[in-house]
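Just so you know, structure 1 and structure 2 below are the same protein chain in two forms, each on its own as structure tokens.
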Structure 1
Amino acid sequence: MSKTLSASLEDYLEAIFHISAQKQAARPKDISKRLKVNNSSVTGALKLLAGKGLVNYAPYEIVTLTGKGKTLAEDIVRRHETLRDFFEKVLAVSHEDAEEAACKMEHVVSREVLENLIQFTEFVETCPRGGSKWVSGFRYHCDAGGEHADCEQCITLCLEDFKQANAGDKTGEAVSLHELNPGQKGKVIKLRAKGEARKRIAEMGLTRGALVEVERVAPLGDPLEVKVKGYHLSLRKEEADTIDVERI
């Protein structure tokens, strides 16, 4: 996390990042609309960010992130989405409330807390004792006003699900990452790439045991947009074909 940027300037970097992802570059009016601030505020913020070497800015021109600015913006986005996912997926908070809370907390959460939140969210989603039904049960618990569920019945259902999973459904099946559809998740079990290609994939966080989710696939199957450890990555088809995952 940057120790030299205010929460407000981090919001500007985050806004530029999202606008650029949609339009390749951002204009001051786009930033003003997204953050609901006036043009003079945008101008002042862009001058400060340009002075720190985080954006390329000149009056009446488009705004782009520098390499340094993009790296920092990706970190801010990762903090935001990790917090939002934790609030939504684990604490059963509504999307709107999760977004609002994440916006406020993303500026102060430490890297250690962030990494633990990512690991805990992945644990809850993949552990046989947890999983999506466990989260759904907690949501029901909240909606019911905090009444305790029937734990014995819950355990029985978990055992039945576990037996069914081992009886032949596709959960646990080993496939290449490219075979997963948008919205599906897998746990990396093997990297078959060699040399520099293997090193590049590992540096992106796609190491053994990492939980990866396919977000989007281009119409012709190349590239794939995936999410791993809170980061959004773009992979070529030939790269995804060298990554073996276990369906979750």
Structure 2
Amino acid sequence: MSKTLSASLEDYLEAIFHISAQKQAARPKDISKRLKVNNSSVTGALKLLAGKGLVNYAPYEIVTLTGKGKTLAEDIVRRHETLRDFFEKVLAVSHEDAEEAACKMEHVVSREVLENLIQFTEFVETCPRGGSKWVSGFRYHCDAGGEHADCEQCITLCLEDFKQANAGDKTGEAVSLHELNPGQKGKVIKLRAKGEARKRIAEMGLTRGALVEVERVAPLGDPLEVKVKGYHLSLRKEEADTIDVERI
């Protein structure tokens, strides 16, 4: 669909979308002002758009987007924003430059490129190995002219942040006892095992509210040794997995 629309018509559609979002409806005057073009150009463009069934337009009346027009406009806006965010957040380009470049590129970028760019931006933001620090590292790299920072330390910091963030995320949430590392403590919230196994676990003192500390993991990686009610108990990981605790 976008291929059937010229770059300038897309710009009009985008402008109408933004003005409508602010003022409910767009007047041709607002459009000419926003796009810095004269009124007659606006009238011509609106007629073309109306012909394609994208806007509702009659002379001297307000302009609204049709359903089809709105979908198309949203798509253009999304492309614009994605590109702008990428330039600004990932490539560390200034806001103005990013806007300008996005305005120009949004009309020619293919859907596939765009989709991958969106995913990449998202990935950079959420992947523990990327994230804001990584981007600022890139900024530093740009500013400092390609000097290498201490990579090992950076990775260590990243890992710690990741662990902390993960722990932080789950505060108050149920974590299984299995997920606690040696030295970490928790408070039993719920036993999810079934039947006899659950009863045995409870009878050994892992009742609701009991404090439990993971002491160590056996040399072969399983079972775990935990401390509860002042004594030591060993549990297989599969059993520890059925015990929900709250991190302390």
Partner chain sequence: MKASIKVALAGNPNSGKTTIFNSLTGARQHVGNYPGVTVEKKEGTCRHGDVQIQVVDLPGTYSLSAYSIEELVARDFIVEEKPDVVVDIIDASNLERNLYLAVQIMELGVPLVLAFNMSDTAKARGYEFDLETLSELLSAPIVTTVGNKGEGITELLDAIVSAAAKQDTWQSAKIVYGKEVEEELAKLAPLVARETAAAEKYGLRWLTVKLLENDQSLLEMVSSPELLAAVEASSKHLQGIFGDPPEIVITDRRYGFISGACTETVRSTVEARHTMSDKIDTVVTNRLLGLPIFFAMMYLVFQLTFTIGDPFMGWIEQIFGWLGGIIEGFWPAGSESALKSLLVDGIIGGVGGVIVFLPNILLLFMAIAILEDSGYMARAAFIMDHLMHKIGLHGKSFIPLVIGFGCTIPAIMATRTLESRRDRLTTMLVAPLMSCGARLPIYALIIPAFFPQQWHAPMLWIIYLIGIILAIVCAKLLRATLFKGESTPFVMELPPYRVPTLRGIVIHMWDRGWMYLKKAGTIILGISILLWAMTTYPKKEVFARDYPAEIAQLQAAYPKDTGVKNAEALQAKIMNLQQAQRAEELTYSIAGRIGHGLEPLLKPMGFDWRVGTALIGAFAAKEVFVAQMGIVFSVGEADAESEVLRDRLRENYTPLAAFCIMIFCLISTPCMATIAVTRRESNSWGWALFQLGGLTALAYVLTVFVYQAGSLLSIGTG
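What we label the rigid core is the largest C-alpha set whose atoms superpose within 1.5 Å from one form to the other. These numbers were taken from a predicted model, which means no experiment stands behind them. Numbering runs along the sequence of structure 1, starting at 1.
J.: Given that just one of these two is the form predicted in complex with the partner chain, which number is it?
T.: The form predicted in complex with the partner chain is shown as structure 2.
J.: Quick one: once the rigid core is lined up, does residue 239 have its C-alpha move by 2 Å or more between the two structures?
T.: Superposed on the core, residue 239 moves its C-alpha 2 Å or more between the two structures.
J.: Indicate whether residue 226 shows a C-alpha shift of 2 Å or more between the two structures, with the rigid core used for the fit.
T.: The answer is yes, as the C-alpha of residue 226 shifts between the two structures by 2 Å or more after core alignment.
J.: So with the core overlaid, does the Cα of residue 181 end up 2 Å or more away between the two structures?
T.: Yes, residue 181 moves 2 Å or more.
J.: Quote the shift of the Cα of residue 203 between the two structures to one decimal place in Å, the two forms being superposed on the rigid core.
T.: Shift of residue 203 at C-alpha, rigid core superposed: 47.9 Å.
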